[in-house]
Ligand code: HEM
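This document starts with one chain, in the form predicted on its own, laid out as structure tokens.
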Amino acid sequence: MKSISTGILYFLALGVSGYAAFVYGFLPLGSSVAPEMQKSFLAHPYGIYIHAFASIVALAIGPFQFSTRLRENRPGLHRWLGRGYLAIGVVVGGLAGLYMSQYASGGTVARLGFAVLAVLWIYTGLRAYLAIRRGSVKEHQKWMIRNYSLTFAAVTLRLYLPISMVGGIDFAIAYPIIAWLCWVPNLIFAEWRCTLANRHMSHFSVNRH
């Protein structure tokens, strides 16, 4: 079961990364999004390009950082990938995302949803970095789980948008909801995973004594 979920994670993360790289690298800006979003993209091209390509870095690197084999066999590579993930993906991508959130389609609700996402993305990345600098590996891992759940909003956003279109939901209604739906359940799931990890560690500690 774990191998299946890991395979799905890699498939979705790398698939959306490749798709986004193609769309933003080779197609006219805004050609693949709704007309309402296209206006914002064309009005702020530098902001969207920086956000898109920095976020691609984070989305693509993230799954590999959870690989136990990589951490144990190539710790140096793990650290350098982590630096790229946080510095380029999270910090640059998050700041550009915060900037672009001011111009998001869907009104105040959507803009607030994307702004909170960007702030939490940067915050959890900072907490993960500070934890590993202190040598708190377990705490670092938990913050990285939370952080990547927010990175994964790039995937869930692209799942919910076509689902809403197929369901015949008007974009003006769907997009403000998706601005929150694309990351809030992800973060709740991450917190659940962290809680399970805490319980497992507590149980292991009690059994050892």
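All residue numbers are counted from 1 along the displayed sequence. Computed from a predicted structure; not experimentally measured.
Although not depicted, the form predicted together with protoporphyrin IX containing FE is the subject of the following passage.
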Exercise for the section: Decide if the three candidate residues 20, 55 and 104 all line protoporphyrin IX containing FE in the model of the complex, where lining means a heavy atom within 4.5 Å. Expected result: yes
Problem - residue 10 within 4.5 Å of protoporphyrin IX containing FE in the model of the complex, heavy atoms - result: no
Problem - Contact flag, residue 51 vs protoporphyrin IX containing FE in the model of the complex, heavy atom cut 4.5 Å - result: yes
Handout entry: Touches protoporphyrin IX containing FE in the model of the complex: residue 143 (any heavy atom, 4.5 Å)
Key = no
Practice task
Find out whether any non-hydrogen atom of residue 32 is located within 4.5 angstroms of protoporphyrin IX containing FE in the model of the complex, and reply yes or no.
Solution key: yes
Practice task
Using heavy atoms only and a 4.5 Å cut-off, determine which of 181, 37, 61, 169 is in contact with protoporphyrin IX containing FE in the model of the complex.
Solution key: 37
Exercise for the section: Determine the residues of 63-100 with a heavy atom within 4.5 Å of protoporphyrin IX containing FE in the model of the complex and present them in sequence order; the list may be empty. Expected result: 97, 100
